[in-house]
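Below you'll find only one chain, the form predicted alone, shown as structure tokens.
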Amino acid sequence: MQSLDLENKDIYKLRLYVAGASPNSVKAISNIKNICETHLKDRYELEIIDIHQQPSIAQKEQIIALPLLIKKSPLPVRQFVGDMSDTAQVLRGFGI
């Protein structure tokens, strides 16, 4: 029955934009992975994009602040700027 429960739950599609190995980027990656593993286990897809390696993406997406997390689904789309250290705020934004 547990697999049926998982099928009925939304998959969170997340994209985290970071700037290389800066302290804030490293902290944001660690914090969001911890939040996802703790609160969204097996229900999330996390894509991490380093704009130093892919600068055209930052221009295309008009990113002006980093780290930036975008929750693409479930709707509504939400954006979070910073190191994701305020777990309660991130969870509220996720609707959890």
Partner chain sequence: MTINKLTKTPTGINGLDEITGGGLPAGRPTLVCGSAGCGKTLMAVEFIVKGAIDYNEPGVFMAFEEKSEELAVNVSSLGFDLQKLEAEKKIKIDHVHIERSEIEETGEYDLDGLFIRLAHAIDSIGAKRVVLDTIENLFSGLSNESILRAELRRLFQWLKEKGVTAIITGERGEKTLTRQGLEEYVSDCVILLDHRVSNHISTRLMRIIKYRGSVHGTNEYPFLIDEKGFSVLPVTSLKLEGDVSSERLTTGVPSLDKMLGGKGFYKGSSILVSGTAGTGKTSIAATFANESCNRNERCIYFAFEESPKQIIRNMHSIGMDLDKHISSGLLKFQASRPTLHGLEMHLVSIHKLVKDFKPAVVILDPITNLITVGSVSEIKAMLIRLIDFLQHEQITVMFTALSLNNITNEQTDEGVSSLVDTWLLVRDIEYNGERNRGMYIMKSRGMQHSNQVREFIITDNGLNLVDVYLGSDGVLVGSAREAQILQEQAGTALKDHSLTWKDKEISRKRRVLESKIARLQTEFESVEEELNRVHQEEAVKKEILERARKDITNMRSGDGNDK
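Positions refer to the first chain, counted from 1. Since the structure is predicted, the reported quantities are computational estimates derived from the model, not experimental observations.
One more form of this protein exists, namely the form predicted in complex with the partner chain; it is left out here, but the text below deals with it.
For the residues L46, I29, A58, L40, the 4.5 Å heavy atom test against the partner chain in the model of the complex is passed only by A58.
Taking non-hydrogen atoms only, R78 approaches the partner chain to within 4.5 angstroms in the model of the complex. The partner chain is not drawn, but in the model of the complex it has no heavy atom within 4.5 Å of L14. Using a 4.5 angstroms threshold between heavy atoms, L66 counts as touching the partner chain in the model of the complex. Though the partner is left out of this view, D86 does reach within 4.5 Å of the partner chain in the model of the complex, counting heavy atoms only.
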